[in-house]
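This document opens with one chain alone, in structure tokens, the form predicted on its own.
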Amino acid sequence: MQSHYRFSFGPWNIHEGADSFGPAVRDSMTFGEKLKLFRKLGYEGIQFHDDDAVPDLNGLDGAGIAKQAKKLMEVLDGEGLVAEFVAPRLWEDARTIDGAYTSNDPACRAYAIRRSLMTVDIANELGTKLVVLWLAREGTYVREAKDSKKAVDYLVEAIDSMLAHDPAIRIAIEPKPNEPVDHTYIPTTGHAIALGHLCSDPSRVGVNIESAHAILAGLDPSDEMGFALAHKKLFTVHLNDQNGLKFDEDRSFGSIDLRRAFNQVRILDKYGYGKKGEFVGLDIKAMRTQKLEASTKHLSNSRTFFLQLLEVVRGLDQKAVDGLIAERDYEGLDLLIVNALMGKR
């Protein structure tokens, strides 16, 4: 069991309440204002996109990027925060409309790799050795538009470039089955781990499992975590919740399916997740209707839910659980778990 869990989230998790069907409903906060909230909410780590850390980095040279990243590092030190990871934001540039690493245009693929190497450099300046890859546009709307075998080769080429750029960097692939493209090439944890085994140093390629992404694939997040833990590939997690097979909702952790959340906490705690410094990362957004003054409650709630479920997990009568399993009394086990979640011992 892990005695102390460290929690992280990214600045995008405090947002303006905008969606695809209407305007923003809250005023925005500055990046500096957001940084002031992390420790107050009980979070020690911050997740970064590359341009969260270094705005407009495409217009900077290596020295300029390093200068800006060092300034940010000073701010983090002053706030008592650490960077958990840095991720290249590859889906908002005009050159990545048709994919980044898997674009049919070799110039666009080259840009994506250059941008990723910048991300590695930023991670080094911020004192982290973890880079997360959300392969947002690496897929197709029309199957015949791309060659899926070549796409995998391109992904391996990109990851190998990052691994060669820094012999200590680790890559966590964040799989997702769809959105923004119809189908992605690396939709599940198994695909991500298999992709890593094609790379030059598989030991440095693992996964970031997001609860909602597993649910969107019709899978259980705790099972995906167990699979990654068995392979020693669970480098980080993005906990949240999801109300069915809809768009990626990023709901507060445990707010939709408490038992599903319970099993995620249970598998993480049982197998020592966090003992090597891994963070409990959250990727959650406030409900669109929340007013500005209440727009961080999703963050405090999710951390609280995790810690309360941890108490339930550790309070289970394991001897009773084992006995019911030995008797193959799964209805009895079902009742035991539900009673525990309802506070009835």
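Residue numbers run from 1 along the displayed sequence. On a predicted model such as this, the values are computed, not experimentally measured, just so you know.
This protein has a second form, the form predicted together with a small molecule, left out of what is shown; the following refers to that one.
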item: Contact residue in the model of the complex, from Glu84, Glu224, Asp241, Glu174 (heavy atom within 4.5 Å of the small molecule); value: Glu174
item: Residue among Lys34, Arg26, His49, Arg303 with a heavy atom within 4.5 Å of the small molecule in the model of the complex; value: His49
item: Contact label in the model of the complex: Trp134 to the small molecule, heavy atom within 4.5 Å; value: yes
item: Contact test in the model of the complex: Phe247 vs the small molecule, heavy atoms, 4.5 Å; value: no
item: Contact flag, Glu138 vs the small molecule in the model of the complex, heavy atom cut 4.5 Å; value: no
item: Residue contact check: Tyr271 to the small molecule in the model of the complex, 4.5 Å heavy atom; value: no
item: Among 162-170, 254-262, 85-93, 68-76, the region lying within 4.5 Å of the small molecule in the model of the complex by heavy atom distance; value: 85-93
